[in-house]
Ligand SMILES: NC(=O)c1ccc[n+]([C@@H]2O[C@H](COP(=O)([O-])OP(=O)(O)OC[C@H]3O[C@@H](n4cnc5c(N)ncnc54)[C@H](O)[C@@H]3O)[C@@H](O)[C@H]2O)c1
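Here's a solo chain for you in structure tokens, the form predicted alone.
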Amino acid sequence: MTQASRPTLKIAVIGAGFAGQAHAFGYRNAMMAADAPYRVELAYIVDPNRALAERVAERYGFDGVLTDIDEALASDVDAVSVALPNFLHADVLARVLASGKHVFAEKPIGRTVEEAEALEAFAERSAAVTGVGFSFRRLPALAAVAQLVREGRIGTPHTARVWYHADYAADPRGALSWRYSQEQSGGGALLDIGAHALDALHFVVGPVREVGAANLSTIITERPRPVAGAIGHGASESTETGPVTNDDVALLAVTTETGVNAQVALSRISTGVPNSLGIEVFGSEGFVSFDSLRAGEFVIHTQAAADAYSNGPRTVTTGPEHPYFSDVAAMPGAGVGTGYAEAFVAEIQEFLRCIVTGTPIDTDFATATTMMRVVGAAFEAAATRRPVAVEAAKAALSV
């Protein structure tokens, strides 16, 4: 496909906060793909905070700034990214889906199982590509780990451990944003970062069948109220405080549909560990592990290389042989490094490819609902102190 024959896709990003800027970064760099079947035009950044939107437009090269979502949907853009606080997603995503435009949503698509299921049903009726941003799947090392497990390189998986440790909420002076409200967020660590950890578990060893036990804890119970217009996780100077109504730490014991027993550990107050998503899977013939703090590598051990003297776990550095690498790395050679930023580039590249080729994306709204059902089961297991089958789980809240 020649450069002249590639279609130009006009993009609007709704939400100029951190997540929206990550989506903008992905679109800005989507042309890194070795043979991108598209060209990208950043048409609009949309946010009611016009000053913030103007700064983001200048930084990433958007042609225009809008404060009205409906104005963006009435425009000639081809695709819309939605990256807003959780409590806005159900309304905004429904409006975007109704417009018929292709949509790429930040996770989660809803605060409850019911919200997610309703949006999934809406998406299934749409002819557009409807994707969700489970970005960690696009890291070459994690994608390679999933591929190795599927190929049987560690035999039959039987045990797994997945975690997401972050410290963005470790400072008790951090402002009481919507993330700390159960009603507005739908969940604390369990949903905010747990969405990625649970999806990684689903990606590598298959969907969760049952939540055997769940323990949810709130360690920092009061926070200062935010200053108007603030974004991110920064400290607030306000002397007025309010209650935190969701979890700082979530610990789950789960079983997958393939019979793998797994531990899930989630914390947003892991002081000194800024952002670590990891997974470790043990099988009948070896194990694999990945930690996003060392995103450009993974560890594998297989009994097939049996040598009692020198055999053992080995670290593999990602390179062009691994998924996504050649399309996102600055240079096409092993060891140049890929990480959090490249994952956003890869997920946007996949979304745009699907638009051009008219194929569904593998991280669709159904993927998001599958994850959300585990969250719902975890809430129910924590409340009842009993195991809960995921398909039978009810949403923990009505909001």
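One rule holds for the numbers: they count along the sequence shown, beginning at 1. Please read these numbers as outputs of a predicted model, since none were measured by experiment.
The following text describes the form predicted in complex with the ligand, which does not appear among the structures shown.
- Within this chain, E115 is remote from the site of the ligand in the model of the complex, having no heavy atom within 4.5 Å.
- Taking the partner from the other structure, the ligand in the model of the complex has no heavy atom within 4.5 Å of any heavy atom of P387.
- Although the partner is absent here, G188 is not a contact residue: none of its heavy atoms lies within 4.5 angstroms of the ligand in the model of the complex.
- Contact check for G376: every heavy atom lies farther than 4.5 Å from the ligand in the model of the complex.
- Each of P48, N86 and P108 places at least one heavy atom within 4.5 Å of the ligand in the model of the complex.
- With the partner removed from view, the residue among H196, H322, H202, R209 that has a non-hydrogen atom within 4.5 Å of the ligand in the model of the complex turns out to be H196.
- Only one segment in the set 143-151, 173-181, 277-285, 325-333 has any non-hydrogen atom within 4.5 angstroms of the ligand in the model of the complex, and it is 173-181.
- Contacts between 329-367 and the ligand, taken as any heavy atom within 4.5 Å in the model of the complex, involve Y340, F344.
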